[in-house]
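Presented as structure tokens, the chain that follows is alone, the form predicted on its own.
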Amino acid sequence: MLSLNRISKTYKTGTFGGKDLVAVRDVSFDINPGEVISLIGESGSGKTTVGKMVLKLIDITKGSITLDGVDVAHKQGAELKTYYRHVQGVFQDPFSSYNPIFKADRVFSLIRSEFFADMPRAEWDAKVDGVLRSVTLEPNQVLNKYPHQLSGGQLQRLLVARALLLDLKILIADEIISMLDASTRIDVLNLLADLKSRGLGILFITHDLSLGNYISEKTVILRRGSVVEMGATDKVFGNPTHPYTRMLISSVPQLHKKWAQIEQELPAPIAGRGGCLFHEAYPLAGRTPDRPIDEPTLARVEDDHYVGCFELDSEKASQVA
């Protein structure tokens, strides 16, 4: 299990780094084996920053990330290499993940030289052949091809296959189908569903609510770096409580309806205020010693459904996560 425990990321900005820019604030959730978590939010909400912290591409400012109970924040060298055996990422633009002057399957050669240098060639070829077929690729159709000779869907599945060559436990899928056409999207989504059935935990980062609803058991809604709602996907989508979640869901185009302009607005953030980023006050913020006023709070709406950063009625707000 991969656990994110109140992780935050702050960047230094301005002249001589005199100002702080909070990109992610106090985010917590778990990814269990065989589970897909959808991390949903608009551009700039901090989704990719969360993924990069999990992949250790950027450092955490506060909080911790653990894999099977072991803190990964300070892993380096051989320990970091072991971590990458279990946690890998696939990103939005499949074409930018390949060097156009090399054949696409060079990504497998890099994995072999780094992790399987002592494996006999015949055994390695059989391993590659098996993992390609597991992601519905025919080896003779994709091996020894340049990136421009393959489709975006084939390139994405090659990257997933590359990750599966390792003893993978967690896959970070960051907008991996946003640049694919509709017919190819469903193939990649069904591939992720198949990987989930094999016990792989997946963090599915997306701005598309329909895709998150389609594939995930749990949903985390991110707004300006903070979690505003999370829980079982059917409860978040079936009983959206935060106004931002409601706005997102109401903005999803529906096939059976003609286009109509949607006018939505959210309460403006309160400058310089902590706890709630959208309303004058949040009744539970800072009420306990371990929850300072400048950190958002989540309240339980129902079993496996939490909401934060706005005033709940007194009955719902009586229970705190």
Partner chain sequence: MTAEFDPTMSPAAGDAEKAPTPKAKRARGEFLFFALRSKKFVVSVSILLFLILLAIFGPMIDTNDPLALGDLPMRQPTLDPGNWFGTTYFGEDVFAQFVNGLRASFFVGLLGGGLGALIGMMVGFVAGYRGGWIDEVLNMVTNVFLVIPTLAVLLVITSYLQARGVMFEAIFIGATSWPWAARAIRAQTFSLRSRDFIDLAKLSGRSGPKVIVFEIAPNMSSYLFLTYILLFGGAILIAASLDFIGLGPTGGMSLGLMMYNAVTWAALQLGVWWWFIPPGIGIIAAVGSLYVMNVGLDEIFNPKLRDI
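The structure displayed is predicted, hence computed values, not measured ones. Positions refer to the first chain, counted from 1.
What comes next is about the form predicted in complex with its partner chain, which is not displayed.
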Quick check for you: of 67-75, 124-132, 226-234, 88-96, which stretch puts a non-hydrogen atom within 4.5 Å of its partner chain in the model of the complex? 88-96
So which of K169, R185, K196, K218 gets a non-hydrogen atom within 4.5 Å of its partner chain in the model of the complex? R185
Counting only non-hydrogen atoms and a 4.5 angstroms cut-off, does R246 reach its partner chain in the model of the complex? no
Please determine whether I111 contacts its partner chain in the model of the complex, using a 4.5 Å cut-off between heavy atoms. yes
Heavy atom of E175 within 4.5 Å of its partner chain in the model of the complex: yes
Would L189 sit within 4.5 Å of its partner chain in the model of the complex, counting heavy atoms only? no
Does its partner chain, in the model of the complex, lie within 4.5 angstroms of each residue among Y84, R106 and L159, using heavy atoms as the measure? yes
Contacts from 35-57 to its partner chain in the model of the complex (any heavy atom within 4.5 Å), listed N to C, are S43, K47, K52, L55, L57
